[in-house]
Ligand SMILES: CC(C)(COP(=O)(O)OP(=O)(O)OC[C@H]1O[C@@H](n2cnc3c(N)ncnc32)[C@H](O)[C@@H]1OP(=O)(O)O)[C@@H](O)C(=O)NCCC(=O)NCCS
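In structure tokens, one chain follows: the form predicted alone.
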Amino acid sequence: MQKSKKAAESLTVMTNIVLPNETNSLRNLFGGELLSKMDRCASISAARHCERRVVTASVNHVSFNHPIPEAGIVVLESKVTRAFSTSMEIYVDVWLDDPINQRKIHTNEGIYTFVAVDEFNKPVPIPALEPETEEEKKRFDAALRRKELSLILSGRMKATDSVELKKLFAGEI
């Protein structure tokens, strides 16, 4: 059995400046450009966690809360939030860094699922995750609810078989 890992071990921070060719007609970063950057950042976190090749299984949630302007400094931070048997959830936070005014604005967030694979692209077991901080614990708990909901919506689980969602709707969480 593989030794469990801390979420902090998968922390990945990427910093870029928004170039003119990455912007839309409003001179803000294209959503697709941001999704690509987020996927790269999340994939590094996933690989760090399992020390294997990884593939994107799904983009579960992305919110675009604040535009990122041309010439803006964009900072992406990702960490594994929960590890399952062969898949893991990675949370990506996106910040607009304004060093001149000494401000950081949380602009976006996204939740990705990656699967660890062997040389034949077959899923392989991965280490468990041990959350440490309050935020890591909160995201860890929520990841199981998101996974159950995803399985229900895809028809791979019956709603009556859900444990975490039943607790949520019964007011136990």
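Sequential numbering from 1, following the sequence displayed. Since we're looking at a predicted model, the values are computed, not measured. So that the term is clear: the rigid core is the largest set of C-alpha atoms that superpose within 1.5 Å between two forms.
Form predicted in complex with the named molecule: not shown, discussed below.
Proximity to the named molecule in the model of the complex, defined as a heavy atom within 4.5 Å, singles out one entry of R48, R53, K37, K147, which is K147. Among A142, V62, A128, A57, the residue placing a heavy atom within 4.5 Å of the named molecule in the model of the complex is A57. Taking the partner from elsewhere, R156 is found to have a heavy atom lying within 4.5 Å of the named molecule in the model of the complex. None of the heavy atoms of I111 is located within 4.5 Å of the named molecule in the model of the complex. When contacts are judged by a 4.5 Å heavy atom cut-off, V115 counts as touching the named molecule in the model of the complex. In the model of the complex, at least one heavy atom of L151 sits within 4.5 Å of a heavy atom of the named molecule. Looking at 102-110, 116-124, 29-37, 132-140, the stretch with residues near the named molecule in the model of the complex, meaning non-hydrogen atoms within 4.5 angstroms, turns out to be 116-124. Contacts with the named molecule in the model of the complex, taken as any heavy atom within 4.5 Å, map within 75-91 to F84, S85, T86, S87. When the rigid core is held fixed, the Cα atom of N16 travels less than 2 angstroms between the shown form and the other one.
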